[in-house]
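Take a look at this single chain, the form predicted alone, given in structure tokens.
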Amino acid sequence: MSSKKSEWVSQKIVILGTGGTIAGLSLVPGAGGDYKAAQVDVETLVAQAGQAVAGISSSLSATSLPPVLSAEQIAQVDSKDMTEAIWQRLLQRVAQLQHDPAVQAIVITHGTDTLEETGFLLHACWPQGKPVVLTCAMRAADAPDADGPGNLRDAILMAGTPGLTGVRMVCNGQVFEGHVFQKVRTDGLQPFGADPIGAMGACHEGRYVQHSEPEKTRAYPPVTPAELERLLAADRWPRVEIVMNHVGADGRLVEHALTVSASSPDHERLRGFVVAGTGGGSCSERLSAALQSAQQQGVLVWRSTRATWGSVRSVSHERLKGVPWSPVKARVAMMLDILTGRASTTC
């Protein structure tokens, strides 16, 4: 792909900040180590990265200016505290920017803990839209060896790649599709993986190099324009919970959740369960019975697996739908099904 800046100058790249470690500060100023996430505003992060972007883009072409950058703070949270309400604001803003002719691409800064869920959601909505590039960090912004500035620089430069579409995530030089990566490590500079697919490309010296074609088998079926309108207009997101099969799983958590839901206001009632099954999505007999009872009461039930990779096997006698996503992504998919009208519940 061409990386000439002359194709960037008439449009801008908008960076949306949501917090995370990339915006964190060390508990001992400047020392690294323990930190508090979501302390530095996105304008400051962009100003720091923008200097590096300008330097690299100038070396790529001596005849044009670096991309025009604009920063907006959507939220300022540790991503473990990400909420559906923040997602709603993020989706609404991305939708506006997708229709803005002055905007070429969107970059989103985000914490690593729930980044895979946000990436899956965005990919479902804009798999072929203007580039949306997510990025993050594993070290605080003021750490001596902070990785956030480099990741944000890569994200901005990648977002300006002519011809790029869809949702990507860049971290430590590796580029993943928005719907396939997941956090597999709690340390190091690259906490994400996408085995057996792997990264689809890399950022190197200011250039994005794609190694493989987009993966489609694990993607949520794209949200249509009409469905997107319903999603953007939603007052609240449906309540969907995740339960896990394990030694001694007896279904009592499911039964308790159903009891509480029955006495809750309509907007707080349980709409679905995703089960993180063992192996190919299997459940203990007692947990399976509780989930089938929930389904008979109008609650959606999907089977996923707590294993990192591999397919969910069909278990016809259980009549519980198996899905190809991790439990947290399956939860996003179920909420999308409910919000867009692809699925409904009677409770």
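We number the residues from 1 along the sequence you see. Predicted, not measured: the structure shown is a model, and the values here were computed from it.
Below, we refer to the form predicted together with aspartic acid, which is not included among the displayed structures.
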Selected contact from 274, 134, 156, 137, since only one has a non-hydrogen atom within 4.5 angstroms of aspartic acid in the predicted bound form
137
Considering 104, 79, 245, 161, which brings a non-hydrogen atom within 4.5 Å of aspartic acid in the predicted bound form?
79
Options 94-102, 71-79, 223-231, 207-215; stretch whose heavy atom lies within 4.5 Å of aspartic acid in the predicted bound form:
71-79
All of 116, 309 and 326 within 4.5 Å of aspartic acid in the predicted bound form, heavy atom check:
no
Any of the heavy atoms of residue 20 lying within 4.5 Å of aspartic acid in the predicted bound form?
yes
Interface membership of residue 172, aspartic acid in the predicted bound form, 4.5 Å heavy atom rule
no
Residue contact check: residue 150 to aspartic acid in the predicted bound form, 4.5 Å heavy atom:
no
Tell me, yes or no, whether residue 183 is in contact with aspartic acid in the predicted bound form, where a contact means a heavy atom of each within 4.5 Å.
yes
Which residues in 85-115 have a heavy atom within 4.5 Å of aspartic acid in the predicted bound form?
111, 112, 113
